[in-house]
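Below sits a lone chain in structure tokens, taken as the form predicted alone.
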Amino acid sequence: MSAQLPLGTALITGASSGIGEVYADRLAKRGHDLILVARNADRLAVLTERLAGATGRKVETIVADLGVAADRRRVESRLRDDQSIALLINNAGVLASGPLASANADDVEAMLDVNVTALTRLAAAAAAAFVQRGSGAIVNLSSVMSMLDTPNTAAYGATKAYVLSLTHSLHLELAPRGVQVQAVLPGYTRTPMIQDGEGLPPELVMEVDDLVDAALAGLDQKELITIPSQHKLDSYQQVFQARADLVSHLVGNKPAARYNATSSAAA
């Protein structure tokens, strides 16, 4: 049985376009007031006017570049101090693709600042506030790339694998304290990040509205991991169970026999 989250303010990062913009639309229509975070002030202003006019909800903006430490701290402070915030959509992300060996190291670092550092710091700030109240939800946007090994996206895929792992462990910390956590794993989605799917087979590209609607349905159903394009529900569950079954084999006081290792004491 599904049930929507109690109403409260939703803070959405990367809100000026793509997935973040649709989250803003859907959550305002559900009755949430909004705090929209993005770099593009003009796009935020247009979106704010549209959503406030269409829904009557209170819509506030924070113009911030989450790759900049001072801007991250401003958003963190708001998450910690604003008692009305009940939902964080940790959506902002950057794509730096190409072979890592020939990548611009500064571009890769900038991606890590947003995809890993900012997401983690905002999740931590929200968690601290929500735990005090015993309620709230954190939605982290990962990607199916977190589970795929592909050339030319090594660093990007690694950032999304980090988000997936963080969400699993954060759930163990926060669920007993009344805070819900969800990771959403989009596949190819028609957004500006991938040039709206240009050049990709249409059957592989999901419309952003469908993606967000599915993600919110998963949140209502208390899913920890939501993969909107996954039709066989048990597929990920089998992977997760296999991962859990590995635990007893991951630690021990002796190397595996295949390494033919002998202790220094026996040498």
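None of these values were measured; they are calculated from a predicted model. One-based numbering along the sequence shown.
We do not show the form predicted together with a small molecule, though everything after this point is about it.
Chemist: Looking at 226-234, 45-53, 25-33, 62-70, which lies within 4.5 angstroms of the small molecule in the predicted complex, counting heavy atoms?
Modeler: Going by heavy atoms within 4.5 Å, the stretch is 62-70.
Chemist: Flag this candidate site as yes only if Gly14, Ala92 and Met193 all have a heavy atom within 4.5 Å of the small molecule in the predicted complex; otherwise mark no.
Modeler: All three within 4.5 Å in the predicted complex.
Chemist: Using a 4.5 angstroms cut-off on non-hydrogen atoms, would Gly136 count as touching the small molecule in the predicted complex?
Modeler: Gly136: no contact with the small molecule in the predicted complex.
Chemist: Do Ala215 and the small molecule share at least one heavy atom pair within 4.5 Å in the predicted complex?
Modeler: No, Ala215 sits far enough from the small molecule in the predicted complex that none of its heavy atoms falls within 4.5 Å.
Chemist: Would you classify Gly98 as touching the small molecule in the predicted complex, given a 4.5 Å non-hydrogen atom cut-off?
Modeler: No, no contact at 4.5 Å.
Chemist: Give a yes or no for Tyr162: in the predicted complex, does one of its heavy atoms lie within 4.5 Å of a heavy atom belonging to the small molecule?
Modeler: Taking the distances in the predicted complex, the answer for Tyr162 is no, it never comes within 4.5 Å of the small molecule.
Chemist: Quick one: of Ala123, Val114, Leu174, Ala86, which gets a non-hydrogen atom within 4.5 angstroms of the small molecule in the predicted complex?
Modeler: By the 4.5 Å criterion, the partner-contacting residue is Val114.
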